[in-house]
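In structure tokens, the next block holds one chain alone, the form predicted on its own.
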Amino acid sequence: MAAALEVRNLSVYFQTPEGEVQAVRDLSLTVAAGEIVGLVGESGSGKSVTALAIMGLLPPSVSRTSGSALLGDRDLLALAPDRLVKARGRDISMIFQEPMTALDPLFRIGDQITETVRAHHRVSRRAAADRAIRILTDVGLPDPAARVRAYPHQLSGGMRQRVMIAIALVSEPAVLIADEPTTSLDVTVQAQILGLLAELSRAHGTAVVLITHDLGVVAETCSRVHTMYAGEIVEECSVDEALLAPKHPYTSGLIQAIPRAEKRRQPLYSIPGRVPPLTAMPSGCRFEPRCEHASESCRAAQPLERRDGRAVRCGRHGELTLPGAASGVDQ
């Protein structure tokens, strides 16, 4: 199946008082129409920076990118600013992490949706307003004809997230990037939002990149997953392969950190240490200082090796048998 979005060798650099640092290194991923692909990792792994770079939303005064992000036959990273503005929202959209800050508190919900419609389509204000009500209906917002007159603070967190999804989807983009779309939502609303994304992806053929730190969320929603650590993809495979037979110790650690009912009253698993700062990246495997399987060979650079339809950045993956989630994770 042809890729709706194909990112090749994306690298992102930032200027800091200590000099230029690299936040993302040689990242590649593809997502097909109607497919949901997960991008997982702890905070600080580079997931949101990757999304913002693809969307062209990083400040050019302090950042630069290399590589390509192909949306059809267009490279988003090479588009002129005016053409990129036209593509954003119409051909590729993004759901941001916190809807209360992403939505403008001074404008009604309906006005924010109709503004998006009229920015990309030559339609009347009435036609745009009608489309706003239809998309709010599609995303399951109760009483959409009344909600269009509400301000963001008058809606619950789950309702605001549905409005963000509506704004992202109102122009029927080919690709949707969802950056932690269920953050700060209770588990019931989280399940509703994830189900909504999956349903809309199937119904409209939208390609979705789902950014999260939670492999449990990926298990419910995605077909493939890219595990990201310290600015690099360290494992790429199907969700079943990642959950049942992870090849990289970091993926295995994320799986073990998922709370499970059968381990009630046992200490929760955690990966020791933290993601290294951009100014102090290890020279070899970036996970080596935190890895219980590290050896002398891990201090050398680790290439991303591809074999049998999956990829892993670990020189010891052939000799390790890592714990997965044979039970305790609903798929």
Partner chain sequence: MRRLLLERAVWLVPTLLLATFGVFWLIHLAPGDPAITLAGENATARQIAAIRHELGLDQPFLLQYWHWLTHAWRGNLGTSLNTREGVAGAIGHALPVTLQLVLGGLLLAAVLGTIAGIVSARRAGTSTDAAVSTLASAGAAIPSFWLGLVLISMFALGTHWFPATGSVALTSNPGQALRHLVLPSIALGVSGAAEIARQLRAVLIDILGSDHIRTLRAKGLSERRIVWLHALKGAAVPLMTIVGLQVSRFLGAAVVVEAVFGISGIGSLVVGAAQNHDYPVVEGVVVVMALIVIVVNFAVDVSYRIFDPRIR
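Positions refer to the first chain, counted from 1. Given the structure is predicted, the values throughout are model-derived calculations rather than measurements.
Just so you know, the form predicted in complex with the partner chain exists too; it's not on screen, but the next bit is about it.
Shown alone here, His120 lies within 4.5 Å of the partner chain in the model of the complex, counting heavy atoms only.
Proximity of His153 to the partner chain in the model of the complex: non-hydrogen atoms within 4.5 Å are present.
Taking the partner from elsewhere, Asp186 is found to have every heavy atom lying beyond 4.5 Å of the partner chain in the model of the complex. Under a 4.5 angstroms non-hydrogen atom cutoff, the partner chain in the model of the complex lacks Asp75 among its neighbouring residues. Comment: 145 to 153 is the region of 250 to 258, 210 to 218, 145 to 153, 225 to 233 lying near the partner chain in the model of the complex, near meaning a non-hydrogen atom within 4.5 Å. Note on contacts: among Asp240, Glu199, Asp130, Glu115, the single residue with a heavy atom within 4.5 Å of the partner chain in the model of the complex is Glu115. Only one of the listed residues (Ile167, Leu176, Ile193, Leu141) places a non-hydrogen atom within 4.5 angstroms of the partner chain in the model of the complex, and that residue is Ile167.
Three-residue candidate spot Phe14, Val62 and Leu70; no residue lies within 4.5 angstroms of the partner chain in the model of the complex by any non-hydrogen atom. In the model of the complex, Thr101, Ala102, Leu103, Asp104, Pro105, Leu106, Phe107, Gln112, Glu115, Thr116, Ala119, His120 are the residues of 100 to 122 with at least one heavy atom within 4.5 Å of the partner chain, listed from first to last.
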